[in-house]
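Let's start with one chain on its own, the form predicted on its own, as structure tokens.
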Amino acid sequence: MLGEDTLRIAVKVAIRTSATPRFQARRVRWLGFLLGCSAVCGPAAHAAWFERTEDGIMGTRIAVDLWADNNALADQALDRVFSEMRRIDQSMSTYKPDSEVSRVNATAAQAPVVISAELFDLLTTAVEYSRITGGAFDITYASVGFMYDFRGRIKPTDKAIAAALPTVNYRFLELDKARRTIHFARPGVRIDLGGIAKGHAVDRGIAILQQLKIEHASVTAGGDTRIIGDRRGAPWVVGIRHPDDKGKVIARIPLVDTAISTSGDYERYFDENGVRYHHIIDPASGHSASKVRSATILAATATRTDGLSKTAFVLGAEKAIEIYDRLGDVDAILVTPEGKVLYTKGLEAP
């Protein structure tokens, strides 16, 4: 359990960030200086906030909140964003046998498979994150991960994990840019984009809103959110939930023009004999990674925050923070199993 002292530390994270030049440089601002705006931030005629929420897309809840000049523009924007979310779900879900990713899993070990430019680019990004994190992020974890069923409280045996582990290695993904193909270098390899696809979908939703000249909006898919603009004179406030109590938060972060992703061992899991089995799998062991309880990542895009939010579970808080600090465009708030809150240098007071 997080104690009172830990909660106080978490609150300090938000306070310290307000004066951080590095954070300001990446357009994550604490907008006290905007709270007094009037003429610039005043409501336009017939303009209003519009929101829509839908469950079940990509196995999670999608929420969009935006400011639009009129109902017609809002409806158009919301319809297009949710349509895009469904399209990506249809393409990248491993639960849909006719999806593009399912087709890759079924045939890429036999011969190279021509794939869409969108999927090729996302796979290229996934491999980049694998290299950055030394394999802590690895979409081939699915070679073991597909044997888990968290709703059904089913886990693979140690023997089954040991048999599948030799097929977990991002280096087995052979991407040919000229032909836009993917080939699995070893039979039994599977991929799952659950650790990056939602972030990608959020970024696509934001791109659609920007095309429609929407300047104030938030798009969320599960634990992944990206924000454009402010809330018309105030920041968007995102809460980081307490790992053991969904009704509590360890910090509330006011943000503008940024992406934020939070991953936790409390999302898809079951407990058995004092052990928590959850959906973030360590590629090296095939078991649920347990070196942090919660990881919140801030960066410019949701693809980046989503892809990098699982790293700390595998490497541990200290090693993950070393990577985030080295990248220079990423910040993080991590909660250890002992309840300690750690954060990157970009969140320190100047």
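In this text, residue numbers run from 1 along the sequence as written. Since the structure is predicted, the reported quantities are computational estimates derived from the model, not experimental observations.
Not on display, but discussed next: the form predicted together with a small molecule.
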### Task
Given that the partner is absent here, state which listed stretch (116-124, 76-84, 276-284, 151-159) has heavy atoms within 4.5 Å of the small molecule in the predicted bound form.
276-284
### Message
Can you tell me if P243 lies within 4.5 angstroms of the small molecule in the predicted bound form, counting non-hydrogen atoms only?
### Response
no
### Task
Check whether P254 has any heavy atom within 4.5 Å of a heavy atom of the small molecule in the predicted bound form, and answer yes or no.
no
### Query
D89: heavy atom within 4.5 Å of the small molecule in the predicted bound form?
no
### Task
May I ask you to check whether D192 falls inside a 4.5 Å heavy atom distance of the small molecule in the predicted bound form?
yes
### Task
Could you tell me which one of I227, V104, L209, A136 places a heavy atom within 4.5 Å of the small molecule in the predicted bound form?
A136
